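Subsequent text provides C-alpha coordinates for two forms of one protein chain, presented individually as structure 1 and structure 2.
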Structure 1
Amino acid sequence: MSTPKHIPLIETKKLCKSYFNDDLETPVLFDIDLVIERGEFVAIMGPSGSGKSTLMHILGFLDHHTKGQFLFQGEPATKMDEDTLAKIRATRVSFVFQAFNLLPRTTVFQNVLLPLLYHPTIPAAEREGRVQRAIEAVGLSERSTYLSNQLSGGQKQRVAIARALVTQPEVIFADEPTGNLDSASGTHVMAALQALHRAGHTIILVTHEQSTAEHAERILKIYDGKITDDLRSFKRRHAKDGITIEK
(Lines of atoms letter the chains of each structure in order from A and count residues from 1; the text may use other names and numbers.)
(Lines give C-alpha, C1' and ligand atoms only; values in the text may rest on other atoms or scores of the structure.)
Protein backbone atom coordinates (compact mmCIF):
# COMPACT_ATOMS: atom_id res chain seq x y z
CA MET A 1 0.00 0.00 0.00
CA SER A 2 1.54 3.21 -1.02
CA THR A 3 0.35 6.57 0.13
CA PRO A 4 1.88 9.88 -0.94
CA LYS A 5 3.36 10.18 2.55
CA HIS A 6 5.17 6.84 2.59
CA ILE A 7 8.21 6.92 4.85
CA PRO A 8 10.81 4.19 4.27
CA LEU A 9 12.69 2.61 7.21
CA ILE A 10 16.08 3.65 5.91
CA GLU A 11 16.83 6.21 3.26
CA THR A 12 20.11 7.81 2.21
CA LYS A 13 20.59 10.66 -0.21
CA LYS A 14 24.03 11.36 -1.67
CA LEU A 15 25.55 9.94 1.50
CA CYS A 16 29.35 10.28 1.68
CA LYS A 17 31.85 9.13 4.22
CA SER A 18 35.50 10.02 4.62
CA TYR A 19 37.83 8.91 7.38
CA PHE A 20 40.16 11.54 8.72
CA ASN A 21 43.48 10.59 10.20
CA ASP A 22 45.36 13.70 11.24
CA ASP A 23 44.86 15.88 8.18
CA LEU A 24 44.67 12.99 5.78
CA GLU A 25 41.22 12.47 4.30
CA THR A 26 40.34 8.97 3.09
CA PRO A 27 37.07 9.10 1.16
CA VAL A 28 35.35 5.72 1.42
CA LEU A 29 31.70 6.14 0.38
CA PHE A 30 30.50 8.30 -2.51
CA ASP A 31 26.95 9.57 -3.10
CA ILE A 32 25.13 6.54 -1.77
CA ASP A 33 21.40 6.71 -2.66
CA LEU A 34 19.43 3.91 -1.16
CA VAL A 35 16.05 2.99 0.27
CA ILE A 36 15.41 -0.01 2.49
CA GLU A 37 11.86 -0.86 3.51
CA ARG A 38 10.61 -2.53 6.65
CA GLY A 39 10.81 -6.33 6.49
CA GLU A 40 13.39 -6.51 3.71
CA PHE A 41 16.34 -8.92 3.72
CA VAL A 42 19.10 -7.03 1.96
CA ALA A 43 22.63 -8.19 1.29
CA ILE A 44 25.32 -5.59 0.79
CA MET A 45 27.91 -7.34 -1.32
CA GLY A 46 31.26 -6.28 -2.64
CA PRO A 47 34.95 -7.03 -2.50
CA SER A 48 37.01 -6.45 0.60
CA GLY A 49 37.70 -2.78 1.22
CA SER A 50 34.81 -1.57 -0.90
CA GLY A 51 33.11 0.17 2.06
CA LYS A 52 30.46 -2.36 3.10
CA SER A 53 31.21 -2.28 6.81
CA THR A 54 31.53 1.48 6.76
CA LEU A 55 28.07 1.78 5.23
CA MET A 56 26.61 -0.69 7.70
CA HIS A 57 28.08 1.18 10.67
CA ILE A 58 26.51 4.39 9.48
CA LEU A 59 23.11 2.78 8.89
CA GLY A 60 23.35 1.15 12.34
CA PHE A 61 24.17 4.43 14.16
CA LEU A 62 27.64 3.27 15.16
CA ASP A 63 29.38 5.88 13.01
CA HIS A 64 28.58 9.21 11.39
CA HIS A 65 28.51 10.00 7.68
CA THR A 66 30.32 13.10 6.54
CA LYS A 67 28.07 14.42 3.75
CA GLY A 68 24.61 13.88 2.34
CA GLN A 69 21.58 12.61 4.20
CA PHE A 70 20.70 9.57 6.26
CA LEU A 71 17.07 9.31 7.35
CA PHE A 72 15.83 6.69 9.74
CA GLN A 73 12.03 6.51 9.56
CA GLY A 74 12.21 9.97 8.05
CA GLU A 75 14.31 11.37 10.89
CA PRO A 76 17.70 12.80 9.90
CA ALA A 77 20.47 11.10 11.90
CA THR A 78 22.56 14.27 11.98
CA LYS A 79 19.95 15.92 14.21
CA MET A 80 20.19 13.24 16.89
CA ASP A 81 22.16 13.74 20.06
CA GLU A 82 24.30 11.07 21.73
CA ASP A 83 21.55 9.85 24.05
CA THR A 84 19.09 9.50 21.17
CA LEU A 85 21.64 7.49 19.21
CA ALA A 86 22.22 5.27 22.24
CA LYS A 87 18.48 4.78 22.61
CA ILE A 88 18.12 3.75 18.97
CA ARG A 89 21.01 1.29 19.36
CA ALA A 90 19.32 -0.09 22.47
CA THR A 91 15.84 -0.47 21.02
CA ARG A 92 15.67 -0.49 17.20
CA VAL A 93 18.85 -1.94 15.77
CA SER A 94 21.26 -4.70 16.66
CA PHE A 95 24.41 -6.25 15.27
CA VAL A 96 26.04 -9.57 14.54
CA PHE A 97 29.76 -9.19 13.90
CA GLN A 98 32.23 -11.40 12.11
CA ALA A 99 34.37 -11.53 15.30
CA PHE A 100 31.36 -12.49 17.50
CA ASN A 101 32.32 -9.89 20.16
CA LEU A 102 31.02 -11.86 23.12
CA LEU A 103 32.01 -10.79 26.62
CA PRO A 104 34.94 -12.99 27.65
CA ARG A 105 34.66 -15.30 30.70
CA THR A 106 30.93 -14.64 30.76
CA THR A 107 28.08 -17.11 30.42
CA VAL A 108 25.86 -17.47 27.37
CA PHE A 109 22.96 -16.23 29.49
CA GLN A 110 24.81 -13.11 30.63
CA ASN A 111 25.95 -12.34 27.10
CA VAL A 112 22.41 -12.51 25.74
CA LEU A 113 21.16 -10.48 28.71
CA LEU A 114 23.58 -7.60 28.03
CA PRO A 115 21.40 -5.49 25.64
CA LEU A 116 18.45 -5.74 28.04
CA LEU A 117 20.53 -3.99 30.72
CA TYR A 118 20.61 -0.91 28.51
CA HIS A 119 17.04 -1.18 27.20
CA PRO A 120 15.01 1.77 28.46
CA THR A 121 11.58 0.15 28.53
CA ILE A 122 11.76 -3.64 28.91
CA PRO A 123 11.09 -4.29 32.60
CA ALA A 124 13.61 -6.29 34.62
CA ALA A 125 10.99 -8.94 35.38
CA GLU A 126 10.72 -9.81 31.68
CA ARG A 127 14.43 -10.23 31.16
CA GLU A 128 14.91 -13.86 32.09
CA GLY A 129 12.06 -15.10 29.90
CA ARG A 130 13.26 -13.07 26.94
CA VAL A 131 16.82 -14.31 27.29
CA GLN A 132 15.67 -17.92 27.55
CA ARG A 133 13.47 -17.61 24.47
CA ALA A 134 16.29 -16.01 22.49
CA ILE A 135 18.72 -18.75 23.49
CA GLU A 136 16.13 -21.38 22.63
CA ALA A 137 15.54 -19.80 19.23
CA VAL A 138 19.18 -20.41 18.29
CA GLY A 139 19.12 -23.92 19.78
CA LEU A 140 21.54 -23.35 22.68
CA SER A 141 19.24 -23.91 25.67
CA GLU A 142 21.43 -26.61 27.19
CA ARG A 143 24.47 -24.37 26.86
CA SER A 144 23.12 -21.28 28.61
CA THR A 145 25.45 -21.61 31.60
CA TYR A 146 28.54 -22.23 29.45
CA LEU A 147 31.19 -19.55 29.40
CA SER A 148 31.68 -17.87 26.03
CA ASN A 149 35.16 -19.33 25.62
CA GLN A 150 33.79 -22.87 26.06
CA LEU A 151 31.84 -22.62 22.79
CA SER A 152 32.69 -23.42 19.18
CA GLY A 153 32.75 -20.62 16.61
CA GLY A 154 29.32 -21.54 15.26
CA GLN A 155 27.87 -21.62 18.77
CA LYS A 156 29.43 -18.25 19.54
CA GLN A 157 27.82 -16.72 16.50
CA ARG A 158 24.45 -18.18 17.48
CA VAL A 159 24.87 -16.58 20.90
CA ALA A 160 25.56 -13.31 19.09
CA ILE A 161 22.35 -13.80 17.08
CA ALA A 162 20.40 -14.51 20.28
CA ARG A 163 21.87 -11.31 21.71
CA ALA A 164 20.80 -9.44 18.58
CA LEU A 165 17.21 -10.64 18.71
CA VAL A 166 16.61 -10.46 22.47
CA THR A 167 15.41 -6.84 22.29
CA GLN A 168 13.24 -7.61 19.22
CA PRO A 169 14.76 -4.76 17.22
CA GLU A 170 13.40 -3.61 13.86
CA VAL A 171 16.70 -4.03 12.05
CA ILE A 172 19.39 -6.63 12.53
CA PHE A 173 22.74 -5.90 10.90
CA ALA A 174 25.09 -8.79 10.25
CA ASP A 175 28.65 -8.06 9.10
CA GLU A 176 30.24 -11.15 7.52
CA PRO A 177 28.53 -13.33 10.15
CA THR A 178 29.82 -16.52 8.54
CA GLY A 179 33.29 -15.17 7.82
CA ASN A 180 34.94 -17.01 10.71
CA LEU A 181 32.88 -20.20 10.41
CA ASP A 182 33.04 -23.52 8.59
CA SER A 183 30.30 -24.07 6.03
CA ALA A 184 28.05 -26.20 8.26
CA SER A 185 28.11 -23.63 11.04
CA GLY A 186 27.67 -20.88 8.47
CA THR A 187 24.56 -22.56 7.15
CA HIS A 188 23.16 -22.70 10.68
CA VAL A 189 23.75 -18.99 11.11
CA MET A 190 22.14 -18.15 7.76
CA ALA A 191 19.14 -20.32 8.68
CA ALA A 192 18.78 -18.35 11.87
CA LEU A 193 18.88 -15.02 9.97
CA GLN A 194 16.28 -16.25 7.50
CA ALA A 195 14.08 -17.34 10.39
CA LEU A 196 14.41 -13.88 11.88
CA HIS A 197 13.44 -12.39 8.54
CA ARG A 198 10.37 -14.59 8.37
CA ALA A 199 9.51 -13.39 11.86
CA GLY A 200 9.33 -9.85 10.47
CA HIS A 201 12.73 -8.35 11.20
CA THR A 202 14.52 -6.28 8.63
CA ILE A 203 17.87 -7.95 7.95
CA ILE A 204 20.88 -6.18 6.46
CA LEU A 205 23.65 -8.61 5.68
CA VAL A 206 27.17 -7.62 4.68
CA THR A 207 29.21 -10.17 2.79
CA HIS A 208 31.77 -10.50 0.06
CA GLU A 209 30.48 -13.92 -1.04
CA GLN A 210 27.88 -14.32 -3.74
CA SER A 211 26.67 -17.60 -2.20
CA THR A 212 26.06 -15.97 1.18
CA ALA A 213 24.42 -12.93 -0.38
CA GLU A 214 21.99 -15.21 -2.17
CA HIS A 215 20.25 -15.92 1.12
CA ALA A 216 18.82 -12.41 0.91
CA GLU A 217 15.88 -11.19 -1.17
CA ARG A 218 17.78 -8.26 -2.52
CA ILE A 219 21.46 -7.72 -3.26
CA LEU A 220 23.13 -4.31 -3.27
CA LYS A 221 26.48 -4.48 -4.98
CA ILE A 222 29.07 -2.01 -3.86
CA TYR A 223 32.40 -1.31 -5.48
CA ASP A 224 34.94 1.31 -4.42
CA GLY A 225 32.40 3.06 -2.26
CA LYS A 226 29.68 3.27 -4.87
CA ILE A 227 26.55 1.19 -5.34
CA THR A 228 26.84 -0.49 -8.72
CA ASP A 229 23.83 -2.84 -8.70
CA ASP A 230 20.55 -3.25 -6.84
CA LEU A 231 19.10 -6.67 -7.70
CA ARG A 232 16.34 -9.02 -6.66
CA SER A 233 17.86 -12.33 -5.66
CA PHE A 234 16.29 -14.67 -8.21
CA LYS A 235 18.12 -17.80 -7.20
CA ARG A 236 17.30 -17.37 -3.53
CA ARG A 237 18.96 -19.89 -1.22
CA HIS A 238 17.22 -21.29 1.80
CA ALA A 239 19.36 -22.50 4.60
CA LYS A 240 17.58 -25.06 6.70
CA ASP A 241 18.82 -27.51 9.23
CA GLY A 242 22.25 -27.72 7.78
CA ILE A 243 21.03 -28.18 4.20
CA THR A 244 21.01 -25.39 1.67
CA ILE A 245 17.91 -25.69 -0.47
CA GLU A 246 17.58 -23.68 -3.63
CA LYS A 247 14.17 -22.46 -4.58
Structure 2
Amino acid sequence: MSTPKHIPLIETKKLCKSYFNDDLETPVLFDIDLVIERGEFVAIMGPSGSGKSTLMHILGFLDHHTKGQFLFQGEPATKMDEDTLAKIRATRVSFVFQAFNLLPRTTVFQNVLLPLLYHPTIPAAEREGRVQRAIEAVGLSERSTYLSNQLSGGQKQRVAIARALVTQPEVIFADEPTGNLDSASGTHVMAALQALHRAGHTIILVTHEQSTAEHAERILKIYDGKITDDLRSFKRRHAKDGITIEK
Protein backbone atom coordinates (compact mmCIF):
# COMPACT_ATOMS: atom_id res chain seq x y z
CA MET A 1 0.00 0.00 0.00
CA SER A 2 1.45 3.38 -0.99
CA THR A 3 1.91 6.07 1.64
CA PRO A 4 -0.34 9.12 1.08
CA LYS A 5 1.63 12.11 -0.14
CA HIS A 6 2.11 14.82 2.48
CA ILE A 7 0.40 18.06 1.48
CA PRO A 8 1.63 21.29 3.13
CA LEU A 9 -0.83 23.96 4.13
CA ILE A 10 0.95 26.54 1.96
CA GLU A 11 3.56 26.01 -0.73
CA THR A 12 5.09 28.31 -3.32
CA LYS A 13 7.40 27.35 -6.16
CA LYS A 14 9.43 30.00 -8.00
CA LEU A 15 6.71 32.51 -7.14
CA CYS A 16 7.20 35.97 -8.66
CA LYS A 17 5.20 39.17 -8.46
CA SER A 18 5.39 42.28 -10.62
CA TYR A 19 3.22 45.36 -10.84
CA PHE A 20 2.49 46.90 -14.22
CA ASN A 21 1.81 50.50 -15.16
CA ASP A 22 1.30 50.91 -18.90
CA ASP A 23 4.48 49.40 -20.39
CA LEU A 24 6.47 49.64 -17.16
CA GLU A 25 7.02 46.47 -15.12
CA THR A 26 8.11 46.75 -11.47
CA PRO A 27 9.26 43.38 -10.09
CA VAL A 28 8.62 42.95 -6.35
CA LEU A 29 9.11 39.24 -5.56
CA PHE A 30 11.62 36.87 -7.15
CA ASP A 31 11.54 33.04 -7.19
CA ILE A 32 10.01 32.52 -3.74
CA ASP A 33 10.22 28.85 -2.70
CA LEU A 34 8.36 28.34 0.54
CA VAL A 35 6.58 25.64 2.54
CA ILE A 36 4.47 26.41 5.61
CA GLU A 37 2.93 23.55 7.56
CA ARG A 38 -0.23 23.50 9.64
CA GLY A 39 0.32 24.75 13.17
CA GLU A 40 3.44 26.81 12.44
CA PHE A 41 4.07 30.32 13.74
CA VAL A 42 6.07 32.05 11.01
CA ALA A 43 7.37 35.61 10.96
CA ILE A 44 8.16 37.23 7.62
CA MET A 45 10.67 39.93 8.46
CA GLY A 46 12.24 42.61 6.32
CA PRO A 47 12.70 46.36 5.89
CA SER A 48 10.16 48.64 4.27
CA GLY A 49 9.88 47.89 0.57
CA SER A 50 11.35 44.39 0.86
CA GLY A 51 8.20 42.67 -0.42
CA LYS A 52 7.07 41.10 2.84
CA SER A 53 3.56 42.59 2.80
CA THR A 54 3.14 41.73 -0.88
CA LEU A 55 4.02 38.12 -0.10
CA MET A 56 1.52 38.04 2.76
CA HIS A 57 -1.20 39.49 0.55
CA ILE A 58 -0.61 36.76 -2.03
CA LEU A 59 -0.62 34.00 0.59
CA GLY A 60 -3.83 35.46 2.06
CA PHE A 61 -5.60 35.69 -1.31
CA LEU A 62 -5.68 39.48 -1.31
CA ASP A 63 -3.43 39.68 -4.39
CA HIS A 64 -2.35 37.48 -7.29
CA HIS A 65 1.15 36.30 -8.16
CA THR A 66 2.56 36.87 -11.64
CA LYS A 67 4.63 33.74 -12.24
CA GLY A 68 5.38 30.44 -10.51
CA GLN A 69 3.01 28.48 -8.29
CA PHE A 70 1.05 29.11 -5.11
CA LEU A 71 -0.68 26.06 -3.66
CA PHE A 72 -3.08 26.16 -0.72
CA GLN A 73 -3.61 22.69 0.73
CA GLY A 74 -2.26 21.33 -2.54
CA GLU A 75 -4.67 23.29 -4.75
CA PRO A 76 -3.20 25.83 -7.21
CA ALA A 77 -4.58 29.31 -6.56
CA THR A 78 -4.67 29.97 -10.31
CA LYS A 79 -7.36 27.30 -10.72
CA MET A 80 -9.69 28.88 -8.13
CA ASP A 81 -12.57 30.97 -9.45
CA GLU A 82 -13.75 34.16 -7.75
CA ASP A 83 -16.51 32.38 -5.79
CA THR A 84 -13.96 29.92 -4.38
CA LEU A 85 -11.55 32.72 -3.49
CA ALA A 86 -14.32 34.68 -1.77
CA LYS A 87 -15.26 31.63 0.29
CA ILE A 88 -11.62 31.06 1.30
CA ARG A 89 -11.31 34.68 2.44
CA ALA A 90 -14.51 34.35 4.48
CA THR A 91 -13.86 30.97 6.09
CA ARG A 92 -10.26 29.76 5.88
CA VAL A 93 -8.02 32.81 6.34
CA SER A 94 -8.28 35.86 8.62
CA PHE A 95 -6.29 39.06 9.02
CA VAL A 96 -5.09 41.31 11.81
CA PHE A 97 -3.89 44.70 10.57
CA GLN A 98 -1.75 47.41 12.12
CA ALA A 99 -4.63 49.93 12.11
CA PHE A 100 -7.05 47.61 14.04
CA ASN A 101 -9.94 48.39 11.61
CA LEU A 102 -12.58 48.18 14.33
CA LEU A 103 -16.05 49.60 13.79
CA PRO A 104 -16.39 52.86 15.78
CA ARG A 105 -19.08 53.28 18.42
CA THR A 106 -19.74 49.54 18.55
CA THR A 107 -18.95 47.10 21.32
CA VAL A 108 -16.20 44.54 21.52
CA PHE A 109 -18.83 41.82 21.12
CA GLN A 110 -20.29 43.44 18.00
CA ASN A 111 -16.87 43.86 16.40
CA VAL A 112 -15.97 40.23 16.94
CA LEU A 113 -19.40 39.10 15.72
CA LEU A 114 -19.06 40.84 12.36
CA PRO A 115 -17.28 38.07 10.36
CA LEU A 116 -19.90 35.54 11.42
CA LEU A 117 -22.66 37.62 9.83
CA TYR A 118 -21.07 36.92 6.43
CA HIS A 119 -20.00 33.33 7.09
CA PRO A 120 -21.76 30.91 4.72
CA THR A 121 -21.98 27.89 7.04
CA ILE A 122 -21.96 28.91 10.72
CA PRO A 123 -25.58 29.00 11.94
CA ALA A 124 -26.93 31.96 13.90
CA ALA A 125 -27.45 29.77 16.98
CA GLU A 126 -23.67 29.26 17.28
CA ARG A 127 -22.61 32.86 16.89
CA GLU A 128 -22.87 34.10 20.46
CA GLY A 129 -20.88 31.17 21.87
CA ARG A 130 -18.17 31.55 19.27
CA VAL A 131 -17.85 35.28 19.96
CA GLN A 132 -17.61 34.76 23.71
CA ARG A 133 -14.94 32.08 23.31
CA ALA A 134 -12.89 34.25 20.96
CA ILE A 135 -13.04 37.23 23.33
CA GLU A 136 -12.06 34.98 26.24
CA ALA A 137 -9.11 33.62 24.25
CA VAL A 138 -7.55 37.10 24.09
CA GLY A 139 -8.32 37.92 27.73
CA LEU A 140 -11.02 40.55 27.21
CA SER A 141 -14.14 38.88 28.60
CA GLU A 142 -14.65 41.74 31.08
CA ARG A 143 -14.54 44.25 28.21
CA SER A 144 -17.07 42.59 25.89
CA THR A 145 -19.66 45.38 26.34
CA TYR A 146 -17.14 48.23 26.07
CA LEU A 147 -17.23 50.44 22.97
CA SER A 148 -14.15 50.26 20.78
CA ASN A 149 -13.30 53.90 21.56
CA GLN A 150 -13.14 53.01 25.27
CA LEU A 151 -10.22 50.64 24.77
CA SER A 152 -6.47 51.11 24.79
CA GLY A 153 -4.47 50.44 21.64
CA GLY A 154 -3.34 47.05 22.88
CA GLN A 155 -6.91 46.08 23.78
CA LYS A 156 -8.13 47.18 20.35
CA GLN A 157 -5.56 44.94 18.68
CA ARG A 158 -6.59 42.00 20.85
CA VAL A 159 -10.20 42.61 19.75
CA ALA A 160 -8.93 42.47 16.17
CA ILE A 161 -7.26 39.15 16.96
CA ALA A 162 -10.49 37.81 18.47
CA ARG A 163 -12.34 38.91 15.34
CA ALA A 164 -9.80 37.05 13.20
CA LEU A 165 -10.13 33.97 15.40
CA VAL A 166 -13.92 33.75 15.59
CA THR A 167 -14.38 31.93 12.28
CA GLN A 168 -11.76 29.32 13.28
CA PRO A 169 -9.70 29.92 10.13
CA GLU A 170 -6.85 27.71 9.00
CA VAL A 171 -4.44 30.66 8.92
CA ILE A 172 -4.33 33.94 10.83
CA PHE A 173 -2.26 36.63 9.08
CA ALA A 174 -0.96 39.48 11.24
CA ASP A 175 0.42 42.50 9.37
CA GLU A 176 2.60 44.63 11.67
CA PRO A 177 0.21 44.01 14.59
CA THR A 178 2.40 45.91 17.08
CA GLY A 179 3.27 48.81 14.78
CA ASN A 180 0.92 51.31 16.45
CA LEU A 181 1.52 50.14 20.01
CA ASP A 182 3.88 50.93 22.86
CA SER A 183 6.21 48.15 23.97
CA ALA A 184 4.03 46.94 26.86
CA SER A 185 0.89 46.76 24.70
CA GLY A 186 2.87 45.08 21.93
CA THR A 187 4.05 42.41 24.36
CA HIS A 188 0.44 41.66 25.37
CA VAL A 189 -0.61 41.37 21.73
CA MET A 190 2.23 39.00 20.90
CA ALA A 191 1.43 36.93 24.00
CA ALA A 192 -2.12 36.55 22.67
CA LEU A 193 -0.80 35.36 19.30
CA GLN A 194 1.57 32.93 20.99
CA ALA A 195 -1.31 31.51 23.02
CA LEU A 196 -3.29 30.94 19.84
CA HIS A 197 -0.31 29.19 18.32
CA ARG A 198 0.02 26.91 21.33
CA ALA A 199 -3.66 26.06 20.86
CA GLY A 200 -2.83 24.79 17.37
CA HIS A 201 -3.48 27.77 15.10
CA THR A 202 -1.28 28.59 12.12
CA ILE A 203 -0.03 32.18 12.32
CA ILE A 204 1.87 34.14 9.70
CA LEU A 205 3.24 37.44 11.02
CA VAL A 206 4.71 40.28 8.97
CA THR A 207 7.01 42.69 10.76
CA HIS A 208 10.11 44.82 10.34
CA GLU A 209 11.01 44.53 14.03
CA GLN A 210 13.40 41.84 15.23
CA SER A 211 11.93 41.84 18.74
CA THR A 212 8.46 41.14 17.35
CA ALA A 213 9.67 38.46 14.93
CA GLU A 214 11.39 36.60 17.76
CA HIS A 215 8.03 35.62 19.22
CA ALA A 216 7.60 33.23 16.28
CA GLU A 217 9.12 29.76 16.05
CA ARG A 218 10.40 30.42 12.54
CA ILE A 219 11.67 33.59 10.88
CA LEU A 220 11.80 34.15 7.13
CA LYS A 221 13.99 37.12 6.27
CA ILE A 222 13.16 38.83 3.00
CA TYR A 223 15.26 41.48 1.29
CA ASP A 224 14.75 43.05 -2.14
CA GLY A 225 12.03 40.55 -2.94
CA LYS A 226 14.05 37.43 -2.12
CA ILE A 227 14.09 35.15 0.92
CA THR A 228 17.59 35.41 2.34
CA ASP A 229 17.22 33.34 5.53
CA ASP A 230 14.88 30.70 6.93
CA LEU A 231 15.57 30.31 10.65
CA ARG A 232 13.71 27.51 12.46
CA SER A 233 13.09 26.07 15.92
CA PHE A 234 13.99 29.10 17.97
CA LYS A 235 13.42 29.27 21.70
CA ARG A 236 14.16 32.85 22.56
CA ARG A 237 14.28 34.56 25.87
CA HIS A 238 16.55 37.35 26.96
CA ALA A 239 19.52 36.47 29.14
CA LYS A 240 18.26 38.92 31.76
CA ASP A 241 15.25 36.67 32.18
CA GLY A 242 17.48 33.66 32.77
CA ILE A 243 16.62 32.17 29.39
CA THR A 244 18.85 30.85 26.68
CA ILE A 245 18.57 30.85 22.91
CA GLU A 246 18.44 27.51 21.14
CA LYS A 247 18.51 26.64 17.46
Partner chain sequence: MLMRDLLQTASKGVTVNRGRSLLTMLGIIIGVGAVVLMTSVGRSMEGVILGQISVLGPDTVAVFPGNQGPEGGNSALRPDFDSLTFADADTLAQLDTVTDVAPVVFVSGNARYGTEESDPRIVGSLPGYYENQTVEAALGRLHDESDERTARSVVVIGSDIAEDLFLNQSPLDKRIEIANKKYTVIGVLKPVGTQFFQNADERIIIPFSTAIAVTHRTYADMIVLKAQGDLDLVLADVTSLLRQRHGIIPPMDGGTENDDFLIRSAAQAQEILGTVSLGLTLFITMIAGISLIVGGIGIMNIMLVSVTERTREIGLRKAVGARRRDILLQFLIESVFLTFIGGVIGVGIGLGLDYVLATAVGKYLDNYTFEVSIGAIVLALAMAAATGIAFGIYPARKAADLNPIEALQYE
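Think of the rigid core as the biggest set of C-alphas that the two forms share within 1.5 Å after superposition. None of the values given here were measured: they were computed from a predicted structure. Numbers given to residues start at 1 and step along the sequence of structure 1.
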| query | finding |
| --- | --- |
| Assignment: the form predicted together with the partner chain | 1 |
| Yes/no, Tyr223 Cα shift of 2 Å or more between structures 1 and 2 with rigid core fixed | no |
| Core-aligned CA shift between structures 1 and 2 for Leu24 (Å) | 3.1 |
